[in-house]
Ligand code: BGC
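Shown here is one chain on its own, the form predicted alone, set out as structure tokens.
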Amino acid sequence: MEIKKLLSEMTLEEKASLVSGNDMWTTKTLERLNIPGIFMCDGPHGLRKLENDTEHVGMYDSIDAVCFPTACATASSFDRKLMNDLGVTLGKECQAVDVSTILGPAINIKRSPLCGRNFEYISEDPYLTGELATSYINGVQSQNVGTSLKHFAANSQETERMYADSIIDERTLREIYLSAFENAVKNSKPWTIMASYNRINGEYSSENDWLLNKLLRDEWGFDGVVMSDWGAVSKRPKGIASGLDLEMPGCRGLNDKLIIEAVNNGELPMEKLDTAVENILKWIEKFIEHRHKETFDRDKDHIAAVRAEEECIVLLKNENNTLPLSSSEKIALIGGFAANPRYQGGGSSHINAHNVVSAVSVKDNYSDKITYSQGFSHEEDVTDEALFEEACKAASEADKIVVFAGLPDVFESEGYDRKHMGLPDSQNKLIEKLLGLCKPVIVVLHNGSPVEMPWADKVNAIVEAYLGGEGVGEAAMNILYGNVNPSGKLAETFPLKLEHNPSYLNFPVANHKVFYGEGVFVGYRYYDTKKMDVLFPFGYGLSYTTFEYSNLNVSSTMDINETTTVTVDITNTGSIAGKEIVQLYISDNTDSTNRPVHELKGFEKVSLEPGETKTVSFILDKRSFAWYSTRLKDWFAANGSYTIEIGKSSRDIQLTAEIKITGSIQIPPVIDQDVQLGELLAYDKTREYTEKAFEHSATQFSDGDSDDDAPEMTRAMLEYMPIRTLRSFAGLSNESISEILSELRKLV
């Protein structure tokens, strides 16, 4: 495809036409110029392609496809290779059914447990989110199929998502809500990015020049297509000028006319429209030129979905080694989810699953001593005493009770946010009744985000299966019976109750605005800094074996412009093979700004045989230690002491070591009459001059008392004193202060 030549031959009308979709899922075909349309589809965890009708959303009317675990589950794998392999499989499926681009991954940060779309978002942590998204994108695009990284940006709730204004400071935006996008753009180069519905500080994402042009393209180097979320267009000509290439879905020609008018009257420069058209043509060419034959082997991919979920399930509690179950034990499976598992979320990513496997459907593969009783519905919250009585009778005859609980479809979905963190009352009531039988109770959860567990300290074991794809029933049974050793860890914190969440006072929307008042203190950054009790911490998960951490090796110093390698040994001290997720956190001891007590900056999943030891390595660079300075408009890490923490979770730190950063710049103080003496004394270039210029001023604050604490008290008082106040307290004239400020400016 000779893109420059095609561009020169296109009429204004054809250009205006090409920058919007043909229908709900395809781009325009321009037969005169032999430009084909290409097909895109949801979603991140399986294909939702409509075979014949491309004019409608068709949320539940798509091809037979394989539903893989959703992002809430795969994030708990902490496994880059798993995400890459999942991407490769999906890429092959796309080639098999002529899909050019998967609309995903979705990587908005889990700011609140209530976000209705949390099931398809990765984590509350931007580093983990960015790393896993990068691996997934690289996997998909290795098959010459595109991804659409979404939703760009700061859209962490569903309430008023098409209109709400995210009010958020730049540091928080950069460190928390943009960081994962930056990682993925720079390290996986997604073919497309999807602009979100919402506004950011007053400007719609789809027409935000700073977001799409200055940041995404100029600063990060993105060279692909920016498309709108479906219907996320307000002022189309402004969007094109601001970097929005493609409007989706089709606009039925209405915005074509506005584009033509804007070009003709000079409102929209032709070169801006040409850029959008060229980006779209390059995207089409990437797919068309690399089409190849693939077979969509649904049965094979189903097995891959089961294996993936096995890596994601998190064992949250296992009192007295209640698990794994034995085939000789009488087991009662209770709960509607045992027969009808909730394996995916509602909304645009809903897959027409090929082969949904429930625990009940495969129970005979594990033992002939397993019974099933419904107990409660998987679809609604209805207390049925007859079902309760039947379940309790079945459970009374068992050695152990396994309750498959969770959130019904109506409790969480795209389009609306949850109102609370509770499970259906009927489920909690039945669990309490079963506990009264004084038998071991195990709870298996099917949910897309954290739930309150009023019975958590009473049950013997808790297994978090999340929304684990179509093979979740088999994967859960393999974990319960020990065929697979659980190795997942939580990619989000489970608070004790909703009111503890840092966004609680500012979620979801007030007067059409979303105030991100918690700043950078999101998730474990908040809970751990406050030393607040939680139900289960970030990074937490148990195993059927045990692991020992030793031999942490950290350099004593690191030049900020270089990298350093951290190593640690992990030993499987148990009797069976297992996998451990080793987590590296960094704590800033420099007091250069207000920061969380620690932040995740490395993780590795390591497989170990009994007695085996492996060395895990982490490479750290400037960004590992840095925070975003709005003064510098850059990432900054101060010289000084930092702590490297190696943990099993954010709350279970096994080993620590100090490292000192050198070679960094200092952030200069703003030199005006409000500059504080402490700022000048802390800055190397102004310290000596400041000490001399104000050496006599300190005496004005001393009463001549010989008290040993007096000098220290004087220094403390002077540290936060603006220069202007020395007119009153030290007798300096305006002329003297102006002269001092002039000299200080020369030094900065």
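The first residue of the shown sequence is 1; numbering continues from there. Just so it is clear, the structure is predicted and the values come from calculations on it, not from any experiment.
Heads up, the form predicted in complex with this ligand isn't pictured, but that's what we're talking about next.
Q: Does at least one non-hydrogen atom of residue 416 fall within 4.5 angstroms of this ligand in the predicted bound form?
A: Result no; residue 416 lies far from this ligand in the predicted bound form.
Q: Given that this ligand is not shown alongside this chain, does residue 197 nevertheless sit within 4.5 Å of it in the predicted bound form, heavy atom to heavy atom?
A: Although this ligand is absent here, residue 197 would touch it in the predicted bound form, with heavy atoms inside 4.5 Å.
Q: With a 4.5 Å heavy atom cut-off, would you call residue 229 a contact of this ligand in the predicted bound form?
A: Contact with this ligand, yes.
Q: With the partner left out here, check for me: in the predicted bound form, does some heavy atom of residue 489 sit within 4.5 Å of this ligand?
A: The answer is no: residue 489 has no heavy atom within 4.5 Å of this ligand.
Q: If contact means any heavy atom within 4.5 Å, which of 144-152, 432-440, 293-301, 238-246 contacts this ligand in the predicted bound form?
A: Every other range fails; the passing one is 144-152.
Q: When this ligand is placed as it is in the predicted bound form, are 42, 48 and 117 each within 4.5 Å of it, taking any non-hydrogen atom of the residue?
A: Yes, because 42, 48 and 117 each have a heavy atom that approaches this ligand to within 4.5 Å in the predicted bound form.
Q: Select from the listed residues 103, 211, 445, 180 the one whose heavy atoms reach within 4.5 Å of this ligand in the predicted bound form.
A: Checking each option against this ligand in the predicted bound form, the one that comes within 4.5 Å is 103.
Q: Quick one: of 161, 525, 174, 378, which gets a non-hydrogen atom within 4.5 angstroms of this ligand in the predicted bound form?
A: If I apply the 4.5 Å criterion carefully, the residue I get is 161.
Q: Scan 326-351 and write down, in order along the chain, each residue with a heavy atom lying within 4.5 Å of this ligand in the predicted bound form.
A: Sequence-ordered list has one entry, 348.
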